[in-house]
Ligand code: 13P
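Before any questions on how it binds or moves, here is one chain, the form predicted on its own, in structure tokens.
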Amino acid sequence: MALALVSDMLREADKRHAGIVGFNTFNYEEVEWIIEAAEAEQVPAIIMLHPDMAYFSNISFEAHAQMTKALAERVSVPIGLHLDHCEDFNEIMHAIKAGFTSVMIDGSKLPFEENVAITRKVVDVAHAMGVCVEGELGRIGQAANREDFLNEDIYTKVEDAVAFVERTQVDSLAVAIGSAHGFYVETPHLALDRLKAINDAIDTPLVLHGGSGIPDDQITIAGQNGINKLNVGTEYGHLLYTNTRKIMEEGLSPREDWMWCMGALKPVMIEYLRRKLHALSY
């Protein structure tokens, strides 16, 4: 089917107390395997591209959008296309023109009022073009730094979340409740009571970043308390790297290389799609 609008996907997930996984990707094979796994499990998925990864892998926004659209048309489950963590208004406009149907404006490093202003600016333009917007409130840092996920002072405050969604009209909100990006230096403990309070106070789908490495029981409870989108990338990205390195050392052919990697990655993708959250099934 054609690409689905991420806001529609998340609203449906919210109604059904379910969640959808957003995968950070950087090449054709990853996008293809994720969409194939979603079709096999009959669950939706969101294909994401981080601006830094676009530059690192030398893939343009246009190329990523077109290949995702083409692969999504082969399957029967909803597939979303999302630009992850972007801080630049012009870069977001570039992604929208390239065909991205969902974008994230990350103003979390800014003071509250400035975050509201830049987020609302993106929302006004994006909504006029039929594109949905994710914002971020609180500070979701790096898992290599304990303070980035243990310091409650940078967590999302309930009253700020209420004001933020009312003033910006974002379609989804990434919340800081004790998660972070990358490999955790120690086991994270999500502030699940804070999450529940935020979810009770607003009617906007919530997003949890830094999904790789969070214990399954915490992800399950987070899904029961408002998390409708779980972002992952580190775990299967590292798995792709280690398997690629292994097969290069063993001297397999390029075709065998990718078949090996696909066999290693697909179970991880399916684990996230189906079992990490209560999946939105079709």
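In this text, all values refer to a predicted model and were calculated from it rather than measured experimentally. When you see a residue number, it is the position in the sequence shown, counting from 1.
One more form of this protein should be noted, the form predicted in complex with the named molecule, which is absent from this view; the next part is about it.
Within 4.5 Å of any heavy atom of the named molecule in the predicted bound form lies no heavy atom of residue 171. A residue is said to contact a partner when one of its heavy atoms sits within 4.5 Å of a partner heavy atom; residue 223 fails this definition for the named molecule in the predicted bound form, lying far away.
Remark: residue 231 counts among the residues lining the named molecule in the predicted bound form, judged by a heavy atom distance of 4.5 Å or less. Contact check for residue 182: a non-hydrogen atom falls within 4.5 Å of the named molecule in the predicted bound form. The partner is not drawn, yet in the predicted bound form one stretch among 82 to 90, 122 to 130, 193 to 201, 163 to 171 has residues with heavy atoms inside 4.5 Å of the named molecule: 82 to 90. Among the residues 135, 205, 178, 211, the one placing a heavy atom within 4.5 Å of the named molecule in the predicted bound form is 211. With the partner removed from view, the residue among 45, 48, 37, 31 that has a non-hydrogen atom within 4.5 Å of the named molecule in the predicted bound form turns out to be 48. Heavy atoms closer than or equal to 4.5 Å to the named molecule in the predicted bound form belong, across 148 to 166, to no residue whatsoever.
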